[in-house]
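Presented below, as structure tokens, is a lone chain in the form predicted on its own.
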């Protein structure tokens, strides 16, 4: 499905964002291995978190849906059942990596598969530490799905320094560690998303510039009873859309502003975005706030590589902001973008180039020559079947000199099913 995006004369209104995907995944997975019932409100309707629910059903977990309220009857650490068929993770890397930690830790024999995109993404990062913990794992070419997980004679706890800043890798090892008699310790030098630690109440201590996080069978897995906050990664598209448009004011309600997720907010503020943060409160163990973005005069930025892990999903839309900023912006240390649903560095360079943005691509980043008076060329933008590419291209197209087309636009269903409806509403 292709989408035509007309230039927007203004972007105004209130957006009710989709629930946070990262928290939705985790809430369901943790509820499944807790004891007793969990009621999760505002669970994401996007395709990826729904893949997680379906996998849990196949593992013998009772999952009931009532609108966006999900009720899960936890089976504890020992109650997961051997599935009768492959566990289909769809397009969801979070499902595959976190669920691998749980089923490997529990010793459940199963096979995890994914769609074409997920099957091309390396799983070696989780395979190696899980094997070191005594789990039996086979994968295509040693690193790609399908992943076959077998039994084990008990989890071998270990001390694991994270080779990269990755919340999925960190979570996978910690989840397997929940099945070990003594603590597994994950050492994190650069911070990544901490939803797993928050929602599981895991203990951690300072370790140099970072921290060490522990998990073992002694940790009581809490029930997951709360309302999932609005997704900050989805909010980022409107924060940039409002900032780069000369006639914009957009309100975003109850957005998750977890400190390990909101680097993009800090970056936009440093660039000079007219951004207000109001009504700060909490949803469960996660901080939330109302955000308002207005038309802004943006300045270029040299992005601190230390911030990359906390804005990795927002980097594509931040590149759009940089195209309208005054001066030359640089991103370095972002080679991880090449290992997402598509090579997001290459894809974003192509999108920017098609619109006439002056940019240079590097192996681990990009340099963007911004112009506050820039008017993008209307173009046909490839989405690369990547939801974030499609949405970034659409935001860019709202400022174009004519109608643009986003190809294969249905991929936004992966994370933001109502994106196109919200775009039409704001630009009406």
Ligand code: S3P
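Numbering follows the first chain given and starts at 1. The structure displayed is predicted, hence computed values, not measured ones.
Heads up, the form predicted in complex with this ligand isn't pictured, but that's what we're talking about next.
- Query: Can you say which of 140 to 148, 94 to 102, 183 to 191, 71 to 79 gets within 4.5 Å of this ligand in the model of the complex, counting heavy atoms only?
  - Reply: Careful reading of the contacts points to 94 to 102.
- Message: I'd like to know if residue 152 sits close to this ligand in the model of the complex, meaning any non-hydrogen atom pair within 4.5 angstroms.
- Response: No, residue 152 stays farther than 4.5 Å from this ligand in the model of the complex.
- Item | this ligand contact at residue 166 in the model of the complex, heavy atom, 4.5 Å | Within the cut-off, so yes.
- Quick one: does residue 198 come within 4.5 Å of this ligand in the model of the complex, counting heavy atoms only? No, residue 198 is distant from the partner.
- Query: Looking in the model of the complex, any heavy atom of residue 22 within 4.5 Å of this ligand?
  - Reply: Output for residue 22 is yes: heavy atoms within 4.5 Å of this ligand.
- Message: Using a 4.5 Å heavy atom cut-off, which residue among 211, 340, 254, 156 comes into contact with this ligand in the model of the complex?
- Response: That would be 340.
- Query: Which residue, 312, 87, 352, 268, has a heavy atom that falls within 4.5 Å of this ligand in the model of the complex?
  - Reply: Here the answer is residue option 312.
- Stretch 388 to 427: residues contacting this ligand in the model of the complex, 4.5 Å heavy atom cut-off: If the 4.5 Å heavy-atom criterion is applied to this ligand in the model of the complex, 388 to 427 yields only 388.
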